[in-house]
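Only one chain comes next, encoded as structure tokens, the form predicted alone.
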């Protein structure tokens, strides 16, 4: 299913106004300076920030529509949001971190743990299953955060600087995992990044933001990609 979002969020000294359509299997990278509105856009799509105007549609579902008064809560949106700082629960094991979202969706404990173990294995951190979140390295925590988002079979994946908290040695492996396990050609993905290499290697299209508005961007293939 495709993502169709027109996000308008107003702040005292800032207005984000971005219309973006992402097709199934397409990855769009949002780039721009700090404060350009990239993370705000992701949070608005995920339902963590309310729109001041516009809409968010995912396939045939309306997730937000200001004029119609619609706002689906985050837990019912089927959006896989991976935060920049991972946000794994420090007191829960890696296995329970991944199972948490499944349990919140009503999956029984045994089945949630079975699925969680499978995703930890796919992302190469099966041996970390019993470690608490506080004991994980940056690269391990990012993989656990990815597993937690993917285990719930999201309809759209939202990645907020997924490599920012990783050391340089960990980035290539996690980038390869994203390419093989997340960018699987079935769902729309929006990637926020400051790294041109991430955009070149992972995105089909690049949209550049400047103070909340799109400017002329360049796709990974070199064609104009501005909305």
Partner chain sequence: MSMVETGVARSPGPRPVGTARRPRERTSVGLALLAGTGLVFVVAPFVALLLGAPWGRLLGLAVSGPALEALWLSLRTATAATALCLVLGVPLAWALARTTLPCRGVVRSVVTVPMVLPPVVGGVALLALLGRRGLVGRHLDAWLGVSIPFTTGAVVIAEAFVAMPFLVLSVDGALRSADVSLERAAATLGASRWYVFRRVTLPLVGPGVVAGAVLCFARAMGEFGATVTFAGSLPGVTRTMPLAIYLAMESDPELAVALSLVLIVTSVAVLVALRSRWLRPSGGPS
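As the structure is a computational prediction, the values presented were derived from the model and not from experiment. Residue numbers count along the first chain shown, from 1.
Note that the form predicted together with its partner chain isn't included here; everything after this is about it.
Heavy atoms of residue 121 never reach within 4.5 Å of its partner chain in the model of the complex, leaving it off the interface. At a distance threshold of 4.5 angstroms between non-hydrogen atoms, residue 117 is out of contact with its partner chain in the model of the complex.
In the model of the complex, at least one heavy atom of residue 152 sits within 4.5 Å of a heavy atom of its partner chain. In the model of the complex, its partner chain lies farther than 4.5 Å from every heavy atom of residue 72. Candidate site formed by 172, 179 and 194: none of these residues places a non-hydrogen atom within 4.5 angstroms of its partner chain in the model of the complex. Only one segment in the set 28-36, 181-189, 41-49, 54-62 has residues whose heavy atoms sit within 4.5 Å of its partner chain in the model of the complex; it is 41-49. If you take 106-142 and check each residue for a heavy atom within 4.5 Å of its partner chain in the model of the complex, you get 109, 113, in sequence order.
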